[in-house]
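Just the one chain here, laid out as structure tokens, in the form predicted on its own.
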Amino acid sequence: MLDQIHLLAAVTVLGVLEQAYFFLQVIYARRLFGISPPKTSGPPEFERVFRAQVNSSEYFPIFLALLWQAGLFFHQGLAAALGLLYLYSRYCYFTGYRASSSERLTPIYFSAGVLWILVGASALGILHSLLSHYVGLNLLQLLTA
């Protein structure tokens, strides 16, 4: 079983580390600009770092759910590769947003596209599993025949 999820687990750990990095960047920005919690407003430079972290945190559970569903029901390698692309695009989003709000757009659109691909892979994998289990229909055999 572990050999079927080790790539997913590795990408998950990388994602958690990335989230921790984003959290630390907010702490550093708070210190730099003298903004104590619970305040969330300040100079635009602080607000961009804060928003980039919050936006990334909001999407992280969605990413994790789709990563694991696509990996378990469709293909672990593909899901892990897409997961790495997603994490890289989120890093680009964060650094771009920190520099300028307009530099966040390309990476956010790319990361959204990766999420949609994970949605598709998850849906296909789950559909295949359901049809195979309940109807006895193997889509892979039909497609290769």
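Residue positions are given as counts along the sequence shown, with the first one as 1. What you see is a predicted model, and the numbers here were worked out from it, not measured in a lab.
Form predicted together with a further copy of the same chain: not shown, discussed below.
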Report task. Using a 4.5 Å heavy atom cut-off, state whether residue 106 contacts a further copy of the same chain in the predicted bound form. Result -> no
Query raised in the report: With the cut-off set at 4.5 Å between non-hydrogen atoms, does residue 137 touch a further copy of the same chain in the predicted bound form?
Result: no
**Report entry** is_contact(residue 91, a further copy of the same chain) in the predicted bound form, heavy atom dist at most 4.5 Å
**Finding:** no
**Report entry** Heavy atom of residue 98 within 4.5 Å of a further copy of the same chain in the predicted bound form
**Finding:** no
**Report entry** Residue (of 81, 32, 112, 62) lying close to a further copy of the same chain in the predicted bound form, criterion heavy atoms within 4.5 Å
**Finding:** 62
Report task. Scan 43 to 79 and write down, in order along the chain, each residue with a heavy atom lying within 4.5 Å of a further copy of the same chain in the predicted bound form. Result -> 44, 47, 48, 50, 51, 53, 54, 57, 58, 59, 60, 61, 62, 64, 65, 66, 68, 69, 72, 73
